[in-house]
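Take a look at this single chain in structure tokens; it is the form predicted alone.
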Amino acid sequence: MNKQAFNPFLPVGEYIPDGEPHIFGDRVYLYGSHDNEGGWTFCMGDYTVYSAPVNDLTDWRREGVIYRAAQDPDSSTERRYMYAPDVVQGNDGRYYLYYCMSGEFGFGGYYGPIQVAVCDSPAGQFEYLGYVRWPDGTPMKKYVCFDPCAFNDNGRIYLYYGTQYPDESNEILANDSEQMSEVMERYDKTAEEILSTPENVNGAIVAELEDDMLTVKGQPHHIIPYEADFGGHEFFEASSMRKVRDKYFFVYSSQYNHELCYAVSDYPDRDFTFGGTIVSNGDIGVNGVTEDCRMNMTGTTHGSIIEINGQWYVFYHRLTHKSDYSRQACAEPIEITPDYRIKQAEITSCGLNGGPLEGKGTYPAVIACYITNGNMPHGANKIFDHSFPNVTHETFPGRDTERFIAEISDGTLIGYKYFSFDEPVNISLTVRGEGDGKFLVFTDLKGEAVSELEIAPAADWQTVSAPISISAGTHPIYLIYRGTGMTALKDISFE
């Protein structure tokens, strides 16, 4: 099997969510938060960067830890985690890292300033520089300083940030003292600051910076009216800005929480109109998939778009471990039409590969793009304790960490898109658990099974194989388990 890229495209034990991809020189760098494998809250790790040559997106290299939370002088027991960052090259040629500190489960993340670190190289050791400030040197905390994105528009530096919770309109808050008290505590702002019309504290915000990369030039303001109607896809968080030809694309996570959307303008700081959905980590909106039949557990998403060697991609993240706290970087190719439209990308197993994966060799089962029992939850800021199929891991003394899909029960669907086959092959699955039944193999969920693999209860991993009736060409592979008990799946092979 040749070297390939599959989702998640970093090592399967790495968790870099909230990805902001940028090209510096001849490499693309992925900046993001850093979750722990099986973590119990968001962003427990220090910032770690990966990069790849722009002409080979199968070759991701770990650049190492570039910045530690302990370097921030405001780091404390209450606010010790660094959330979704971004990096921009300043007019002086140096690289500036923008981020926010937060505490467990996001508490404390909505009232601090935006912090800044700097480095002479895109993946070197960043050093603390300061916080975004007013001209008098005091911290700039207008609106909600959360999820910063930095953008250099031909020498003008823009900073985007903000959040907007559902049902926090001025009218509702003004008439609900209990909810207002909760919002005041969360944002550490007065009711007057929150309700000041039309400058409600919620929403997507932009501020221009001086060349020192710290000082705000003028007043921050909403780039989208606070109560603008985007048909249910209103801004929630995860601001990101890109320029596509002569238009500005504002990428963000919507109120649905599982999707990245975009808005378009002729200007970087105003007049944005809703464009559509770019990707959903439950594939909701693609091929008739609805909220009621999401193809994965869904939850937070955060990412952006980038053009690499003439091809546009969307970078996003998926959830694992039945939680919102162990998220992995994924990417899919997209097309931006001449009239600046993006068709929603389907989630796949082969995102950055430039085409389907080879229908031969062994693949980790966890590269599945569909994992569903037909009733998958949406999880925001929690770990579920009920049973449903999920990507997880186990570590044993003296053995490598094992990563697999667990809690597979009767009716579970596991899907891989796409593989390229030259000829009929045997398919093999590495399984264990109490499962007693069979996996049915499909290339079309509306068609007949093309293979069956019988499994029996086993305490340790066992491999089951069967021929697969498949024609030459590109196909998805879907596995549906039918039987009693729960089983786990570690590998899928073709030979």
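Keep in mind that what you see is a predicted model, and the values were worked out from it rather than measured. One-based numbering along the sequence shown.
Below: the form predicted together with a small molecule, not depicted.
- In short, of 296-304, 150-158, 72-80, 400-408 it is 296-304 that has heavy atoms within 4.5 Å of the small molecule in the predicted complex.
- Taking the partner from elsewhere, Ile414 is found to have every heavy atom lying beyond 4.5 Å of the small molecule in the predicted complex.
- The closest heavy atom approach of Ser51 to the small molecule in the predicted complex falls outside 4.5 Å.
- Using a 4.5 angstroms limit between non-hydrogen atoms, Phe315 is distant from the small molecule in the predicted complex.
- Although the partner is absent here, Glu237 is a contact residue: one of its heavy atoms lies within 4.5 angstroms of the small molecule in the predicted complex.
- Here is the short version: of Phe146, Phe272, Tyr262, Phe126, the single residue with a heavy atom within 4.5 Å of the small molecule in the predicted complex is Phe146.
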